[in-house]
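Before any questions on how it binds or moves, here is one chain, the form predicted on its own, in structure tokens.
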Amino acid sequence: MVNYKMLQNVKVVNTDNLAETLLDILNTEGYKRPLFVMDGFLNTVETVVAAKQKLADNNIEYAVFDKIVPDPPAEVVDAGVKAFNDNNSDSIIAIGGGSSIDVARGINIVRVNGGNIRDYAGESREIAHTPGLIAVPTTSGTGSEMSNALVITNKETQQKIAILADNAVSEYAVLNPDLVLTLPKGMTIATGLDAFSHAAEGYLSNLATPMTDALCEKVMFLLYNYLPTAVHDGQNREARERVMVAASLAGWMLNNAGTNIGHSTAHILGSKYHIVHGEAVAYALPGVLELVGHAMPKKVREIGQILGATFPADATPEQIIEITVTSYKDFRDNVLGLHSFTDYEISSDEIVKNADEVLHERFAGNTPVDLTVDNVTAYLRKFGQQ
């Protein structure tokens, strides 16, 4: 069997008119009863209200499920499936960040494949082709509109559960920069750094290929050059659009190159200590660079060069790691302004207690070094300290 690594099944639409675009998509696909999935705030945003009105004026009988919360538990997916069935819906329009699009993907999986979203947490249950999801991101970071993954939370254990499903990617991704012009500064930083980590970790993954490398490099380049403007001048539409494109490309790379221990760390620590996901992966990335630097010095150097670093011609792996980590920290902390991890008031001793869970989280296996409790403990000891 051919081991291909570049596949893109999502139809991507860039638009300046969300209402017209959604109507065109529904008419093209013959959908008549979409279910909007979003949070309560987005349900009242002018652009979304106009889109709903446009559909109503054209005899599209939509329904709304606006119960999305951060780090959504499986129960929210259950409620969404009930809303889908109660309204006899035939498609889903997910508007929001990763939480909204993840819940919508979960609803779509269950409504087509049956059972309960918890049934798909392992790899044993097959997921059939699942059309009908139209994803409209309102942040530029998770890449959920292009990704094959969804993450839900087990309320009892406070563990995040990742489900991967190539057959459940969005049918359409609709990118409208107007929806991110008012994204708060802190969220712009966190989501942008999440997208950067998607690209950097994919670049430093066992699943990487020359094709995915080229795209990951471009994603990091776009974010290095346009994310600072989006952070400090949120109304700059060009910067917002470039960052949105970078985040979507990074989401596509999740399907093809994956992530590594950086995201494993964020999933475990984020669920336990309520660390914002994009911040967690950003605090983790210096340690990832150190962990894999001797195995992939050329790639770590490339990341440093994208971040504006210069290197001696005969730089050793240790120098490459140090220079790249310093350049990344300057970008993260000084150029963008991510707040210090000390604000979370979590001790290093507490963090290292999670070494075994991080070691066995599903994405850690993509890390291009042999992981042990010892080296994962040493890596976690520096989490947020660099």
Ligand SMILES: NC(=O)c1ccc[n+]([C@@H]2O[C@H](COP(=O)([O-])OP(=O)(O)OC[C@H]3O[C@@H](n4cnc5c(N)ncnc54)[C@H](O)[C@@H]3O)[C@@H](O)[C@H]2O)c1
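Please read all numbers here as calculations on a predicted model, not as lab measurements. Note that residue numbering begins at 1 and tracks the sequence as displayed.
Below: the form predicted in complex with the ligand, not depicted.
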### Query
Hey, of 225 to 233, 81 to 89, 212 to 220, 98 to 106, which bit sits against the ligand in the model of the complex at 4.5 Å between non-hydrogen atoms?
98 to 106
### Query
Ok, Leu254, Ala239, Ala168, Val288: which has a heavy atom sitting within 4.5 Å of the ligand in the model of the complex?
Leu254
### Query
Pick from Thr138, Ser248, Ser205, Ser197: which residue has any heavy atom within 4.5 angstroms of the ligand in the model of the complex?
Thr138
### Query
Is Leu42 one of the residues lying within 4.5 Å of the ligand in the model of the complex, judged by heavy atom distances?
yes
### Message
Test of understanding: in the model of the complex, would Lys160 fall inside 4.5 Å of the ligand by heavy atoms?
### Response
yes
### Task
Although the ligand is absent from this view, report whether Gly132 comes within 4.5 Å of it in the model of the complex, heavy atoms only.
no
### Message
Would you classify Gly122 as touching the ligand in the model of the complex, given a 4.5 Å non-hydrogen atom cut-off?
### Response
no
### Query
Looking at the ligand in the model of the complex, do all three of Thr142, Leu150 and Leu183 come within 4.5 Å of it through at least one heavy atom?
yes
## Note on the structure
Those residues of 309 to 325 with a non-hydrogen atom no more than 4.5 Å from the ligand in the model of the complex are none
